[in-house]
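Structure 1 and structure 2, given next as C-alpha cells, are two forms of the same protein chain, each shown alone.
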Structure 1
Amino acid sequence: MYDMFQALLQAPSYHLFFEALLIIWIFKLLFFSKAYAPESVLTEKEKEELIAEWQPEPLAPEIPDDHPVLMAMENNIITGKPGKYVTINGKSCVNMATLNFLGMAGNPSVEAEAIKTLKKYGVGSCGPRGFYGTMDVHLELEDKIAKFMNCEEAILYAFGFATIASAIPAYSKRGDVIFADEGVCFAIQKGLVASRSKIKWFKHNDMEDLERLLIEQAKEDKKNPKKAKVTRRFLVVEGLYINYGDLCPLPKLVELKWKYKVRLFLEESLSFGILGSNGKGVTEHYNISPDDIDLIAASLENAIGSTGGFCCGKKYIVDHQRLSGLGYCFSASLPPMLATAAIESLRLIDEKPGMLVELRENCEKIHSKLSDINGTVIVGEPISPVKHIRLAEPSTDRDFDVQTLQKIADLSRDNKVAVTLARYLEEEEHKLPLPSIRISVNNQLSDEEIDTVFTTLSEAFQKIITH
C-alpha cells in the first residue's frame, strides 16, 4: 500500500493529469450517459411554430357508406344456420360460399355437445392458458388432435389466423432464412413478416425454382460456414392452397427437405379433415408419414366448423410454442364449448370417413360441370373442395373485373345460389391472385342441387359477361 502511494507521488505529472481525466471521463459516462437528451438546434419559439404548423394525415382514408365492399356485405346478411342452405336477406339459397365442407356447422350432434359444455363451463374461459384458462376439454382436444394426426403432441390456439402467424415467429428469428411459396395465404405472410427472418420466395408450386434457391443458399453457406452453422432454414408451404385450390407437391418437398436440410412447416387449414382416406390431410393423401413434416398447422374454422386452430408435430418442437407462441401465451383460451364442438366434429369424421368420399365425388362432379361454363377458367384440383372461377379474358382493369364478378355473384344469389368473391387486401398481398368467384363444395349436395348450381351460375355468367 505504501509502495503504491510512493509510486503515485513519483509518477510524472502528465501521467497523473491523464489519469485524472480518465477518471472524470468514466464518471461522466456512468452518471451522465442519459444526459444526451436529443439536442436540438431549434429554439423554443421555433418549436412552438412547428407544432402549430404541423397537420397530420387523417387516421383513416375517406370511405363512403356506399363503398362496394360495404354494400356487398350489407346485401348479404345471413340469418340462421349457414349449413347446406343459407338464408340471405330472408331468402334461402344453396350455400356454395362458406367453407363448411362436411356440414359440421349446422350439425345437430355438434350443437348438442356445445350446449352440454355451455351448461358446465359457461362461454368464455376468462383467462389465458397459463392463468386458469386451461380447461380439461382443451387438454382433451389437444390429445384428440394429436391422436387423429398420429403426432406426439398438439397445441391449441384460440383463433385460426393466429395459429400459423404465431407459430412461424416462435421458431424463426432474425437472421434465419425462410423459403416460402408465393401463393401462401395471408396468415402465413403475416407470420413471415413477424419473424423478421430473411424470406426467399419461390414461384407457386415450382419445385425447380425452389431447388434453385436452395442450391443458392447452400453455396452461400459454404462461403460462410460459421454463419451457416447458426442460420436455421425453414420451408413454409400450404397443403391445399386457398388462393388457388391446388395441392402442394409434398413428396418432392419432403425430398428437398432432407436433401438440403431445411425444416418443413405445412399449413393445412383447408386440407385438414378433408384430404386422405381418413381426413388427415395432405400427408395421408400422399401417403407420407407426418414425422417427415416438422410442424403441421391448421385452423378449426373450416371443415371442423368451430373456431381456433392447432399445431402438431414432435413434442420437442410443439412444446416450444407453449412459452414462445405469442397468440398462445397472451390470448384467452378457446371457449370450452367451441373446443367440445371440435372434439365432436373430429369424432364424426373418424367415425364416418364415408363423408369424405361423398365430398370428393361432389368436388369432382362440380369441377367437371363448372369447366363447361363459357368465358371462364376454373382453377384448382378436381378433388379440391375450393375452386376459383376466373374470367377467361380478364380486362386490364382489376376493379372492373371485380365489379363484373360481384354482379355475377349478386345475380346468382338472387337466383338462390350463394357464392362469394375471394376477397384480398390488394395492396397487402405478396402476390395478388386474379379476381375470382370462390366456390366451396359441401358433401351433402345432391346431384339435383349440383345441377341447379351449374345452371344458375352459367346463366349468371352468360348474362353479365355478354352485357
Structure 2
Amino acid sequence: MYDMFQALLQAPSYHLFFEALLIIWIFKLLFFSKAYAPESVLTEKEKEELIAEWQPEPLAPEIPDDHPVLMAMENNIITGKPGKYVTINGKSCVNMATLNFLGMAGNPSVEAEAIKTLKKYGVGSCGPRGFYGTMDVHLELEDKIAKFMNCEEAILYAFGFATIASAIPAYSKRGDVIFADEGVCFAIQKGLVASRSKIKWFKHNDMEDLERLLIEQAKEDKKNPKKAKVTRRFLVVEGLYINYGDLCPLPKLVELKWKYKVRLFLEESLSFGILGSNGKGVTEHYNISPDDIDLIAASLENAIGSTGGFCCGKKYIVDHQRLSGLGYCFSASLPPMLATAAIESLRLIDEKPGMLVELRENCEKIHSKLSDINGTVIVGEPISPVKHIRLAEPSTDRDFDVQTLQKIADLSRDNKVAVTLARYLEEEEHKLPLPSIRISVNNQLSDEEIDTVFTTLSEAFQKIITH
C-alpha cells in the first residue's frame, strides 16, 4: 500500500489528470447514462391522450381538382387510332401531339401481324423472362434489333421508361462516377438516382464544360490512385433530346470517351427509327460505329409504334442485364403481339427507307414555317421530329406562361389541330426546361396539312398573346 502511494506521488501530473478523467467518465456512464435511467411508465389515460393527439402524415400531398395534368386528361379524351388524324372529344384533328412519327401505330400490315400473333399467343405473357415469360417472338425481336443496329446482342424490356432507368443502375453503383448532360430525360434521371453513384452534371451539349469535369476527375484520381482503380466512370447522354429537340455532339463525345477512359451510354428513344439513312439513329447519322458506344438504349414506343424498349451492344455487356436489370428480371415480358408488331415495323423501315426521307422533309418544312410565328422561338433541329415552341419574351411567372401556352393549345385543338403542352414533374426534374408547346411531326402529313398546322398555330398565338 505504501509503495502504491509513493508511486502515485511520483507519477507525472498529466498521467494523474488523465486517470481522473477516466474515473469521472466511468462514474457518469454507470449512474447518469440514459441506458440506466429508470423507464417511465405511462398510464392508460396518458396513452389514450397521446393517441388522440397524434396526426399521421398524409400518404401523398393533396392535389387540387383543377391541376393542369388532370384537366388535360379530362378534357382530351381520344377515341380511335392516333394516326395522322386523332379524334379528341368527338372532333377529328390533325395529330401533332403523339409520337407516332412513321404511322406504325395504325399501319395495316403491323395490325395484321399483331392480330395473327394475338390469336396464337393470347393477350399477354403473364411472367418475367426468367419465369416462363420468354417466347420465341421475344428472341426473334432481340435478334432483329441486334442485326438492325449492327450490334452483337440486344435485350428486350416490356416498358420503355424502365429500359434506361434499369440499365444505368445495373452497371453503375455506389462509389462510381457518372457524367450526365443536365438536359437528359426523366427516365435517365431516375436511373441516375437508382444507381446511387456520384453524379456530375455538365451544361446541356456543352463539351467544354464536360471536359472541364473530366479533367477535374482525372486530377482527383491522381491524388487517390488506390480509389481510382475501383471507381468506374460513365458518360450518359441522349441521342436526340426530347426536352430540347437537338442532337448530341456524338463525334466529340466519342473523342472524350477514349481520351478520358469513360464508358458511354447513349439513349436513343427519339432518334431510333428516325435518324440516319436507314433509321439506325445518331450513330448512323454521324457515321460512327456502334462499337464506339458501350451501351445503346431506346424505346419501341415512338417510331416503332409498339411498347417496351431495348438495349444493345457487346454480348458480355448486354448479358449482364439479364441478371441485373430490374425492369427485365421482375416485370412481365412484352406481350407477344407487340413484339411481332415491332418486328413488322422494323421490316417496313428496312424495306421502305423512303418513309424516313418523307419524315425528314416534313420536319424541315414545319420547322421553317413555325419559325415565322411572331412572338415565339422554335427550339430543336430542323430534322428533329419533336420541336418546342417557346415564348420569345417569357414572363417571370412560370405558371402564367404555362397557362398562356395551354390556352393556345386548347384554341388550336378547337380549330382541329392537336398539340400538347410539354409537361414535367416540376419538383423532381434536375433542371426544369422553359414552358413550351411540343410539336410532333409524322411522315404522312401533306403540304396542305402542314399549311393548316402553321396557320392554326399562328392565329392562336396572335389571338392569345395580343389579348
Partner chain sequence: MARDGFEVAVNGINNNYKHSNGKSNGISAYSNGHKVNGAQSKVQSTKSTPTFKEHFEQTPLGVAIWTYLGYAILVVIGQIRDFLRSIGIEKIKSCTEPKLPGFVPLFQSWESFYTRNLYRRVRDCWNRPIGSVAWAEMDILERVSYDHGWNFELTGKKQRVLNLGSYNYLGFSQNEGPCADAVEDIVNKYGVGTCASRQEMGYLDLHRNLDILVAEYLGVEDAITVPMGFATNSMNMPLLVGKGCLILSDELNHASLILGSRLSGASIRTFKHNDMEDLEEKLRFAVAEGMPRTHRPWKKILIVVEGIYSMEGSIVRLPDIIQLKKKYKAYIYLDEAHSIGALGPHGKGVVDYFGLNPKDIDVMMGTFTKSFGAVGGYLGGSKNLVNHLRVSSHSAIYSGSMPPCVIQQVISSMKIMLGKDGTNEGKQRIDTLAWNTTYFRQRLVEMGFIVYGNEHSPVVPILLFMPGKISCLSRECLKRGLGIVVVGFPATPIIESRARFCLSAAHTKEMLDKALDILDEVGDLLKLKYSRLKRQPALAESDNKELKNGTRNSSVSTFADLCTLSMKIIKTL
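We call the rigid core the largest set of C-alpha positions that still match within 1.5 Å between the two forms. FYI, numbering is relative to structure 1, first residue = 1. Treat the numbers as computed from the prediction; the structure is a model and nothing was measured.
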| item | value |
| --- | --- |
| Answer for which single form is the form predicted together with its partner chain | 1 |
| Yes/no, residue 425 Cα shift of 2 Å or more between the two structures with rigid core fixed | no |
| Core-aligned CA displacement of residue 48 at least 2 Å between the two structures | yes |
| Core-superposed comparison between the two structures, residue 399 Cα displacement 2 Å or beyond | no |
| Residue 22 CA shift between the two structures in angstrom, with the core used for superposition | 21.1 |
| Cα displacement of residue 62 between the two structures, core-superposed (Å) | 2.7 |
